[in-house]
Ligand SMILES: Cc1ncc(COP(=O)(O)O)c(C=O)c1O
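First, one chain by itself in structure tokens, the form predicted on its own.
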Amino acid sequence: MISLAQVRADTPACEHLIHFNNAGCALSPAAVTTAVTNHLRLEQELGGYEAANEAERDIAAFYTELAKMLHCDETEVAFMESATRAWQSALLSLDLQPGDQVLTADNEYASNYLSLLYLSRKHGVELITVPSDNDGLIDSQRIADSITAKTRAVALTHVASQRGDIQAIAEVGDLAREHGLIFLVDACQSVGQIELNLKQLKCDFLCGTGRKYLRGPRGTGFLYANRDTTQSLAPPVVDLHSATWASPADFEIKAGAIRFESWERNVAGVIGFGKALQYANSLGMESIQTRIRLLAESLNRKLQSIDGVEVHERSAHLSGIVTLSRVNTEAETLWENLQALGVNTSVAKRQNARLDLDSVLKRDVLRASLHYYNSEAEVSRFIDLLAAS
């Protein structure tokens, strides 16, 4: 059971604003900010290398806490500078050749899809995009029907940036494993708000960011690499952290997910990310998921009372992301009006969702993304302000 009073007390900004932009960047607990600033001061006082030596236990906590959250082994997770770099590192480790096929879906995150388009243009990789059904969900049978002898991988986004429907990645994982395909999951918008048990989800790679629902610092991310299915895959870049210089003419890539890491990184960010993971684990993902789902259902229900407002999630599998539009009012205008009144939201732009918003709605949409530290009173206040705008 989450104490709303406690988590709001741990989140000072709750006193003066309504933050419904958690899918963009959530508000960090005070303990995270303190951990980051304390280490930066330690670097100032001792020197960067010396401060890192002093903080070995705090650095190690990142791996321990992330493995605990994902139900995997510590050797299967790597710290990355961003989820994008994690996703690209996993994709490029496949060493795709001309004619190889990658399956994805029409809800794919813009940066991921651009990387796939680049591989298609530069290296002749064939990109197969599977359309979502009318309920916004990706049918695993459609993916199955798209698999050929040339298919190497399936890349899916668990929860899209532009719509909050939750995709059934477990079913796709079973399918990919059955056909011997690598399954790469973008969990940026799901990790930290939805329980992810990687002992049950049959994915080979999974990436996420620290700044969204995990409430960590910006410039932090992670990559999960299944030790049983990805160990033979080499990272696209190696350095003295990810590989050992065995002899003047030879090197050995390290085992485990560490091979995807770089030696140089934001140590304060690693420590802050570990503290954010510890905070989430102390609350429990089941409690977090339940509370976010209840708030999202409340917001969806209350939005139905506003004339001219359309909610764009199409399934019953709802996350904390709620996207909407209002007749005769641009999303950018709604965003500006709400921000002037102390409410943070964001705009999901059609140009960043060419296969979804651009082709179906042909407009930007307003995105309200809720977290467990938000309150029912804030939901009601948001509804009143939106109705009056």
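In this text, residue numbers run from 1 along the sequence as written. Everything numeric here is computed off the predicted structure, so don't read it as measured data.
Below, we turn to the form predicted together with this ligand, even though it does not appear here.
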Practice problem: Check each of T84, S262, Q278, S140 and return the one that places a heavy atom within 4.5 angstroms of this ligand in the model of the complex. | Solution: T84
Quiz item: Tell me, which of S242, T157, T230, S132 has a heavy atom within 4.5 angstroms of this ligand in the model of the complex?
Solution: T157
Quiz item: Tell me which of 205-213, 166-174, 144-152, 114-122 has residues with heavy atoms within 4.5 angstroms of this ligand in the model of the complex?
Solution: 205-213
Quiz item: Can Q193 be called a contact residue for this ligand in the model of the complex at 4.5 Å between heavy atoms?
Solution: no
Exercise. Find out whether any non-hydrogen atom of F79 is located within 4.5 angstroms of this ligand in the model of the complex, and reply yes or no.
Key: no
Self-check item: Interface membership of A90, this ligand in the model of the complex, 4.5 Å heavy atom rule
Solution: no
Exercise. Classify F183 as contacting or not contacting this ligand in the model of the complex by the rule of any non-hydrogen atom within 4.5 angstroms, answering yes or no.
Key: no
Exercise. For the heavy atom contacts within 4.5 Å of this ligand in the model of the complex, list the residues of 167-192 involved, in sequence order.
Key: D186, C188, Q189
